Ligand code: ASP
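Given as structure tokens, the chain that follows is alone and in the form predicted on its own.
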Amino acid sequence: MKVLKFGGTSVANPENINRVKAIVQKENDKKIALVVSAFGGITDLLLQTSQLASNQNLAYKEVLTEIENKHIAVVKDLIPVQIQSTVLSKVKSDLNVLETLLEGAFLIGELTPKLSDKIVSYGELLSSFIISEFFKSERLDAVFKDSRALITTDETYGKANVNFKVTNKNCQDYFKTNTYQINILPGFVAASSNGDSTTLGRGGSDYTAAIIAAAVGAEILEIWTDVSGMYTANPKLVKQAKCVSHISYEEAMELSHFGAKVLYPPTIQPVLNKEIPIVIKNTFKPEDPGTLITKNNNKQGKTVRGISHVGNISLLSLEGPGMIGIPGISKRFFETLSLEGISVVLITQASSEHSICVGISDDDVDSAVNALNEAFAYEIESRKIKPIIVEKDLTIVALVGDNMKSHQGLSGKMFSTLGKNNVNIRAIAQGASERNISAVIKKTDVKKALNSLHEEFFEENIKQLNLFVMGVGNVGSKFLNQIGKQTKYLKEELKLNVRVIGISNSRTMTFNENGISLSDWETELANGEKADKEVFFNTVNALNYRNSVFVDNTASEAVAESYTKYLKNSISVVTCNKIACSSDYEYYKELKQLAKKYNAPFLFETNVGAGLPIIDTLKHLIASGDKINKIQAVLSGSLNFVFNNFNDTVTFHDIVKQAQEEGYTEPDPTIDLSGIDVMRKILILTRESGHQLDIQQIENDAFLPKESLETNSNDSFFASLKKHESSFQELYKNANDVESKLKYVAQFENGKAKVGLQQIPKGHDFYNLEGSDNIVLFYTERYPNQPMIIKGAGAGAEVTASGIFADIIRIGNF
């Protein structure tokens, strides 16, 4: 004999009920006990209407009408017209009784637990009756059997305790003599010894099926629901979660206790001792294998089998010096909670006996606090113990697995993973069986915590990076295109799953929690909402993804000033914007400190030399114990491009215009030609070398006329270049006359930095620097005479984008 249970979503409407029939028909005349839940949503409506009635709110009648209409619609859809009247008559009769019960609650203005059980039981009673009549009309060998005639409980209404001795005999006697192939029973409902309706608690339909399966020694218990088994994590929160094909009873109990909604926690207990297998199946994908639950045969399997969570938790802490060495404190504490009917989900106690901390449901906090403060009133008044301390809005996350006790370091791995993602742990608990490690965290961190842990324990070391990109002009668009082209390579070769979640330009912004399509991001952005830097940050922060990275491709001072907010929320920052690192030294220092404190990398390789590994090389030199004595560099790709192409046959104006059009200069070319950009770059290198310097301390030997420097628009700037063409030609002639080339050089030595145009003679390392290339000479204690040289393309959208890309990969490898 098999026992099959179908949940509320499986019988939510006529279409789904037909799916159930198709599944049952494939059992080939095997005897079946078919336990069904109320139609989808009906139990909630019954609770709603009963609450409204007890509050003497006439709106309860509207909800009752909705309940009636739903059931009648199912009957009319499923039952042939010629026999509808009989079925409708019974359904309406039951609904009339339900109406009478609700009227009683309305008149007395009260809803007792006993009356509540009677009301909510009608969900399962009606669904099972209608389904049984439908099966009969389809010529299936089916019969309805009221579970209240089989399952006997005490009178603990709302969550009754089963009398297994009586229940087992009832079930055995019934199924021994019953000849029908399909016995359809309402889940969730039972009856006390004196015949009053009771219920087994929310999710009790699973329990009903398990009770019957254990009583009759069924060959298997099948739980049919709307997912294909028990998953490594909640698939609604963790997209990469996988179905677990086979787990033990104990693992299933742990997972179900900690929020795995596909199985009601008490379900396993009745079948465990008899070793009856349980299988979780998907009504909507019956071909999926599902999850098989048996006694442990996973001796050599995965250590962690699942990651689960239970929400709406509060921590209560009792603490004070008056607890130390005093026997009976714990007994009084837990006895007080027990007398209030409050279930404790998690317990932790300091070894000093200075405090006891427990996790309970948010719903029980007020009654628990009042009872405990009263129980310890004397100690609180005498200041031996503090009043109960409450922390709300928490969630428990738990690692579960039979084999966890055989492996060292799991706790450290779990807590390290959470810590890296700035998930603060409020309390920790681990059972003596070591089958479960639990941590209490803020509920706002649940999604990030589950995804981080799942990535660590289940995803074969594939790390997901979630990017939020601001600025998609020349550099930003190239960067997105490079990411799109390399997605497959990154995943297969570097084990990095890089997703772009948010994009913004100066006009619009867009977000997609599943990742923006990099083949069509322009369309998504064009159809986005109005751009707003504050809203952008708030959205990034609210999404609270693990491994979040803010990518700044702008030259905006306002954006640079926002980095602290990102870093303080453990959001990494990658930027080609030089303003932050070349601003006030204290701000630069703060950003570096925040990156360390919140474990959020702050990378800016492209601030100097675009895609060249200049800053990275400098960091390695310093980290290895070397010391920078002197830096000489040509750091402006745009200025190098300009002076490499400027001569007596072309105008300075035309060359600068060409540099702007080809993307070598900033949108405002005075930033490059005034030397400000080079000053920022040498300042950053100086600071990264370990020296404290501000930009005002850098000497700037400007070559532009004062009039050009003081222009306030690109048009007036270019007009001034034409006006002063003769002075630019004179600069060229003077250098050419001594067989030298003009290079804009940055230098740092003896604690001082300067930038300016220089005549570079033949034989110098800078002389043959072509195009827009950059070059840096590092003179160090290890390289005192022959410097370490880094040379290559130092400007252009493609190479700058590749530098940003390289920083993203560095974060992925952290």
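As the structure is a prediction and not an experimental result, all values here were calculated from the model. When you see a residue number, it is the position in the sequence shown, counting from 1.
Below: the form predicted in complex with aspartic acid, not depicted.
- Looking at 199 to 207, 469 to 477, 571 to 579, 529 to 537, the stretch with residues near aspartic acid in the predicted complex, meaning non-hydrogen atoms within 4.5 angstroms, turns out to be 199 to 207.
- Contact check for Ala38, Thr43 and Phe188: all three have a heavy atom within 4.5 Å of aspartic acid in the predicted complex.
- Residue contact with aspartic acid in the predicted complex: Glu254 places no heavy atom within 4.5 Å of it.
- Not displayed here, aspartic acid is kept clear of Asp117 by more than 4.5 Å at the level of heavy atoms in the predicted complex.
- In the predicted complex, at least one heavy atom of Glu124 sits within 4.5 Å of a heavy atom of aspartic acid.
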